[in-house]
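Below, in structure tokens: the form predicted alone, a single chain.
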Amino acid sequence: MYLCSVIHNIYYMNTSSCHLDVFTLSNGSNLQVDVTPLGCRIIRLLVHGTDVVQGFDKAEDYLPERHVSYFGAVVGRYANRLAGGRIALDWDIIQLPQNSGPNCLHGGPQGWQYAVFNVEESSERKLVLTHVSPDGDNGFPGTVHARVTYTLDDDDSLRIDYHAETDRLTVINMTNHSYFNLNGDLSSSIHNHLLQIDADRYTPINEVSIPLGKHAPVDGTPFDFRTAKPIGQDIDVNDPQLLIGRGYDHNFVLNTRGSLEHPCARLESPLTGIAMEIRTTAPGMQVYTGNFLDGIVGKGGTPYPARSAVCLETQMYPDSPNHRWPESTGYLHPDAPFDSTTIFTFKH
């Protein structure tokens, strides 16, 4: 299926002449999703014909020699940051690549966003992709068999199911890194987007974006999204936490506690009326307001300036293996597979 001289589950090394397939899912009415097996990337997400995710025009544009990005990718083996690029396993300290200052970010420079996933099943509404991450991949121990399933439902929902198994103790954190802009103009500011998050606490960070170790109440801070408010309302206040990342780039401790019964978050554009509700079994959600987008040219020659998208990454807490939070350890054991589900429901 891939017109290039590489085999499945091996990272692209010399891929300038590669062709990547694109699989289109549609619920037959209001929702269409285009996915390429390179990093399981969502490259288009059409709601009533309006594309609501940033990215590039062609699947090949996501190859690392053309653009280094996380647009739409399933990142791993461990999403978000690991302090100092280190983890402790069975009393051993494992050193991982340091690709974000002193930290390991999204699995390192050759994370899963650049792995070619196998297509196990493809139909009009469902796509199943798998990847085998070998022992020692980017320094991570253990062979991990990962599976990502995209499903579209009649209620205009995109469901993402993550599954992973290992043959020895390792760490895992899987999420989708789509950059959302619901305005109908992917270069426009997301300051106007109304965001609501069901979270009483968030995770403060140090100067290199690693959790300080304790969750803090959102009450009385710019991190209080318990009632919907514009993302830009407090983003530029003189708050030490916001200054670290030039805006929001923080984990929120979700009150939904792993239940899909109620939404953990809602995002809405007042310009288009498009809204997105999120349900997840994950304990946390990283909110990143595209603070470091630098004008990279995307779809249709459109530049993406800072804060022209927001990422809502449902996941384990950042640096979990080094904090051992009871609800978010970040460990993957041979006898306990990892399973997580996130559902994005669109309304218009």
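Note that residue numbering follows the sequence shown and begins at 1. Remember, it's a predicted structure, so these values are computed and weren't measured experimentally.
The protein also exists as the form predicted together with a small molecule; that form is not presented, and the subsequent description refers to it.
With the cut-off set at 4.5 Å between non-hydrogen atoms, does Asn173 touch the small molecule in the predicted complex? Residue-level check for Asn173: no, no contact with the small molecule.
Is Phe56 a contact residue for the small molecule in the predicted complex, using a 4.5 Å heavy atom cut-off? No, Phe56 stays farther than 4.5 Å from the small molecule in the predicted complex.
Would Ile274 count as a contact of the small molecule in the predicted complex, using a 4.5 angstroms cut-off between non-hydrogen atoms? It does not: once the small molecule is placed as it appears in the predicted complex, Ile274 has no heavy atom within 4.5 Å of it.
Considering non-hydrogen atoms and a 4.5 Å limit, does the small molecule approach His131 in the predicted complex? Contact check for His131: no, nothing within 4.5 Å of the small molecule in the predicted complex.
Identify, from the list Tyr179, Phe225, Phe117, Tyr202, the residue with a heavy atom within 4.5 Å of the small molecule in the predicted complex. Answer to the contact question: Tyr179.
Which of 300-308, 42-50, 28-36, 283-291 sits within 4.5 Å of the small molecule in the predicted complex, heavy atom basis: Selected stretch: 283-291.
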